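Have a look below at one chain only, the form predicted alone, in structure tokens format.
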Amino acid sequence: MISLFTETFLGVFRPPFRKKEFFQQLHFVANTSLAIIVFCVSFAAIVTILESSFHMKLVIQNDSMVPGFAAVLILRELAAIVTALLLASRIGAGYAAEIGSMQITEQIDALKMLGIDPINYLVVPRFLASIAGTMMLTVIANVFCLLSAILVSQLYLGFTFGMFISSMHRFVHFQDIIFSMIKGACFGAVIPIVASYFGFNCKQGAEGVGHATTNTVVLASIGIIVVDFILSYTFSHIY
């Protein structure tokens, strides 16, 4: 897998540059995933702010810090990690099934016989599209998370829009957005590498494809959580 990542990363800078495949994969990653991600992260934000308010009232009898606390949690962790895990399930399984099917039907061997590098043709466009798409979806997820939190704060917690923004301003900084985008890019890089690895090593038959997709979702999710820990620990020394 490390070898595959190295070859893919080097392949980004080697011609031919497959722009058509890149935009096709970007559409698959970003456009077709947008609705489900917005839906899920919005409800995750609603649960987060309601639970934060409940427990703050329970412990310190005051929930005035809820908007700021929720905004920090959303920008630093929630939006990026939920987006990445949803994409790992959706596009990771799709990539593994697609490449695995090509492997067991000997389409990968056919590409090699035609002098086409399978990594350059299959992995590199998916790698770049996943990074770009996950970054964009992370930003959109942040926006909808905050909008959902603001709406719930107004309807159920008694915070006005101005109060929410004022409280958020004391906790949130512009670098939080940048760090969130960096996380999105790193998470996006994990998914196609894991999926391509299991796809290229897929065993014969429908059962082999099923195992490849299952292993991809599990290992990509674990990889995302581990990378999130490493990045969060690193960023904690920068704040």
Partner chain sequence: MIEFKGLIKKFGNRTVLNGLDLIIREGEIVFILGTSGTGKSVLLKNIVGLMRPDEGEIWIDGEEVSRFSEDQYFSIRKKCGMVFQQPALFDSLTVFENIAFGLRRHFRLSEREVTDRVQLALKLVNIQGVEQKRPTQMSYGMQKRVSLARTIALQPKILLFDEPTTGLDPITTTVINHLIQDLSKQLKSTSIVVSHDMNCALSIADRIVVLDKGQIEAIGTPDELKKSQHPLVRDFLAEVLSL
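Residue numbers count along the first chain shown, from 1. This one's a predicted model, so the numbers in the text were calculated from it and none came from an experiment.
Below, we refer to the form predicted together with its partner chain, which is not included among the displayed structures.
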Q. Among 108-116, 161-169, 130-138, 144-152, which stretch has residues with heavy atoms no more than 4.5 Å from its partner chain in the predicted complex?
A. 108-116
(Q) Under a 4.5 Å heavy atom criterion, is Ile104 part of the interface with its partner chain in the predicted complex? (A) yes
Q: Report yes if any heavy atom of Tyr121 sits within 4.5 Å of a heavy atom of its partner chain in the predicted complex; otherwise report no.
A: yes
Q: Let me know which residues along 28-55 have a heavy atom within 4.5 Å of its partner chain in the predicted complex, or say none if there are none.
A: none
